[in-house]
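Starting off, we have a lone chain in the form predicted alone, written out as structure tokens.
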Amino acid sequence: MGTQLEGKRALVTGAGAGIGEAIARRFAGEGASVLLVDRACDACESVAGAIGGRAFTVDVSREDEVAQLFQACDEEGDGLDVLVNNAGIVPPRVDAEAMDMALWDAVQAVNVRGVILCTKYAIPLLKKRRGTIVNMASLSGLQGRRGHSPYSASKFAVRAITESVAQEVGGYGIRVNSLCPGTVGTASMHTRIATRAAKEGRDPDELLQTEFVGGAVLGRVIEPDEIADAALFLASDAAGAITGEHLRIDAGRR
């Protein structure tokens, strides 16, 4: 247990599993009161119960639901200290020629629209406490890769939102930064690897090693807790002079 976020209120989207769950648990362990947001109601409530937080079932791509979320947040307390825009969709690989535009729209709706909607409604609350925003970008938001145009486009957009909003709210003492993880060893990542390996007739471990781990100088994937540590740093006073920046956590993958 630590005290880096003692007495602070944090809202984490996509908090029912994976990176979002790790961040919610880490923040709670550092003394924060955590509001957990996810479309998966049961998972979110389970994590919230384990850390003494409060769960909200919200589709971040829907403005009415996001507005209601932040209204409830405002009514329950005086402002907000930390917003973590983590909710996102990682679609299967697909070349542009075979693009399903419904898939494209779904990815942009959550990964881009969801980020700006939560940011829009969080800012009035963050102004009260000179808060901070941590956006989840990606290594794919720094360099496009074959078959990843929907996801890469969304994460490039997250970086642009981060830089633009940082300029807009800096005068209120609000900091805005993003994290750019490489391959993170979540359950959903392993499911995606297994699905792709089956489709391509490959061994999942070989696929992971060849295309993801092998390209990282540390020779491994990143653990969700390591992303949570980076999010804690950006949310804490230790990063008090940092805004509009993008922190890579990629095990040296290039």
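Since this is a predicted model, take the numbers as computed values, not measurements. For every residue, the number given is its place in the sequence shown, counted from 1.
What comes next is about the form predicted in complex with ligand NAD, which is not displayed.
> Which among 73-81, 170-178, 123-131, 151-159 is in contact with ligand NAD in the model of the complex, heavy atoms within 4.5 angstroms?
It is the stretch 151-159.
> Find the only residue in Asp229, Glu45, Glu223, Asp59 having a heavy atom within 4.5 Å of ligand NAD in the model of the complex.
The residue from Asp229, Glu45, Glu223, Asp59 that makes the contact is Asp59.
> Are any of the heavy atoms in Arg202 no more than 4.5 Å from a heavy atom of ligand NAD in the model of the complex?
Output for Arg202 is no: heavy atoms all beyond 4.5 Å of ligand NAD.
> Just to confirm, Arg39 within 4.5 Å of ligand NAD in the model of the complex by heavy atoms?
Judged by the heavy-atom cut-off of 4.5 Å, Arg39 is in contact with ligand NAD in the model of the complex.
> According to a 4.5 angstroms non-hydrogen atom cut-off, is Val90 in contact with ligand NAD in the model of the complex?
Yes, Val90 lies within 4.5 Å of ligand NAD in the model of the complex.
> Considering non-hydrogen atoms and a 4.5 Å limit, does ligand NAD approach Val110 in the model of the complex?
Val110 belongs to the contact set for ligand NAD.
> May I ask whether Leu11, Gly53 and Ser236 all come within 4.5 angstroms of ligand NAD in the model of the complex, judged by heavy atoms?
Checked in the model of the complex: no contact with ligand NAD for any of the three.
> Across 115-140, which residues bring a heavy atom to within 4.5 Å of ligand NAD in the model of the complex?
Read in sequence order, the residues that approach ligand NAD (within 4.5 Å, in the model of the complex) are Met136, Ala137, Ser138.
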